[in-house]
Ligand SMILES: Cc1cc2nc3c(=O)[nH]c(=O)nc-3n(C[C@H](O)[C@H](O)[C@H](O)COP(=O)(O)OP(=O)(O)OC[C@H]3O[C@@H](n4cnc5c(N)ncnc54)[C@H](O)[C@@H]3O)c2cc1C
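Next comes just one chain, in structure tokens: the form predicted on its own.
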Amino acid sequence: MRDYRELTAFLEKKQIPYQLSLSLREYTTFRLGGSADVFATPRHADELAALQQYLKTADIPVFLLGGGSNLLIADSGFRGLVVHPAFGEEPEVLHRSSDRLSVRIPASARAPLTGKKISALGFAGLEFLTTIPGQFGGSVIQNAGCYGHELKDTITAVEVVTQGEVRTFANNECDFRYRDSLFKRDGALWVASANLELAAGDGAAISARIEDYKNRRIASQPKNRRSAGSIFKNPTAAVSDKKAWQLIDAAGLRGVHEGDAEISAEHCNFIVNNGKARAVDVYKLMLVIEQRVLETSGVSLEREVVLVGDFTQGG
């Protein structure tokens, strides 16, 4: 194992909480994956910046972990440092009037709970977020969205740790795209929080939308089984007029198993853990989907789920 004594000495000096050889399984929605050599939980952006500054000159692989809702961690885990910000849950109201709300949301806040809290204040625009798993920072990185809404529609600025410093990016600097952003493409940019601006709405209409979105999710997605959400992005209209699940279904892959992992019979752009799956089982199904869809439709699907760790030796 790599020598982490200098790293742990730094963490102790800065009083940043950490653990050694911590299983990552419980930190992902798949409930899969091995352990991290070192697992650190900075409690505010300045601690995150100090840690990033230290890592600039340390030869240590590092991965920034949020809510684990779009990740597949290898069975062998992650040989390096996993950073899991613990900035709290509570939105900070920056300005509130009868018709507008400006709010700062920490990256570690749970996305569904954030959507509920803001909606309960009577402001519209985050109803869809109540159906998005994981933490808010991951939602920013992914530009999470559904039902015709995306997070970029309400974000005014994103607080980012980069080069060991805290910096603010305006919305137009974030290069938000479909399920994508500058932060997803550049792993050196660590999201700490985001500022949002929302308009006041009708409380009854907001509640009705939340209930509608919840029912639509329940009706269309696998129930009571672990998954990471959609495995693949939907192709652009220029590539295909079909969604990813339709291409997977047309390839005859609905319900296909590998070990205890399954291409969901309910929604075949989901791979589910039926209880005893391994990460490598999920990975093999991803490869099968990519190959069969390419053979049957000519479309190269783009992964939405991020792979963490070494899958070259069977997981």
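Throughout, we count residues from 1 along the sequence that is shown. All of these numbers come straight from a predicted model, not from anything done at the bench.
The same protein also exists as the form predicted in complex with the named molecule; that form is not shown, yet it is the one meant from here on.
Chemist: Work out which of 229, 235, 125, 91 lies within 4.5 Å of the named molecule in the predicted complex, going by heavy atoms.
Modeler: Contact check passes for 229.
Chemist: Considering non-hydrogen atoms and a 4.5 Å limit, which listed residue (69, 35, 41, 52) is close to the named molecule in the predicted complex?
Modeler: The residue from 69, 35, 41, 52 that makes the contact is 69.
Chemist: If you check in the predicted complex, do 133, 179 and 190 all have a non-hydrogen atom within 4.5 Å of the named molecule?
Modeler: Yes, because 133, 179 and 190 each have a heavy atom that approaches the named molecule to within 4.5 Å in the predicted complex.
Chemist: Hey, of 169-177, 237-245, 96-104, 145-153, which bit sits against the named molecule in the predicted complex at 4.5 Å between non-hydrogen atoms?
Modeler: Stretch with heavy atoms near the partner: 145-153.
Chemist: Considering only heavy atoms, tell me if residue 65 and the named molecule come within 4.5 Å of each other in the predicted complex.
Modeler: Residue 65 belongs to the contact set for the named molecule.
Chemist: Please run the contact check for residue 141 against the named molecule in the predicted complex: heavy atoms, 4.5 angstroms, yes or no?
Modeler: The answer is yes: residue 141 has a heavy atom within 4.5 Å of the named molecule.
Chemist: Would you classify residue 216 as touching the named molecule in the predicted complex, given a 4.5 Å non-hydrogen atom cut-off?
Modeler: Taking the distances in the predicted complex, the answer for residue 216 is no, it never comes within 4.5 Å of the named molecule.
Chemist: Although the partner isn't part of this model, could you tell me whether residue 274 comes within 4.5 Å of the named molecule in the predicted complex, counting any heavy atom of the residue?
Modeler: Result no; residue 274 lies far from the named molecule in the predicted complex.
Chemist: Output the sequence-ordered list of residues from 269-285 with at least one heavy atom within 4.5 Å of the named molecule in the predicted complex.
Modeler: Residue within 4.5 Å: 270, and no other.
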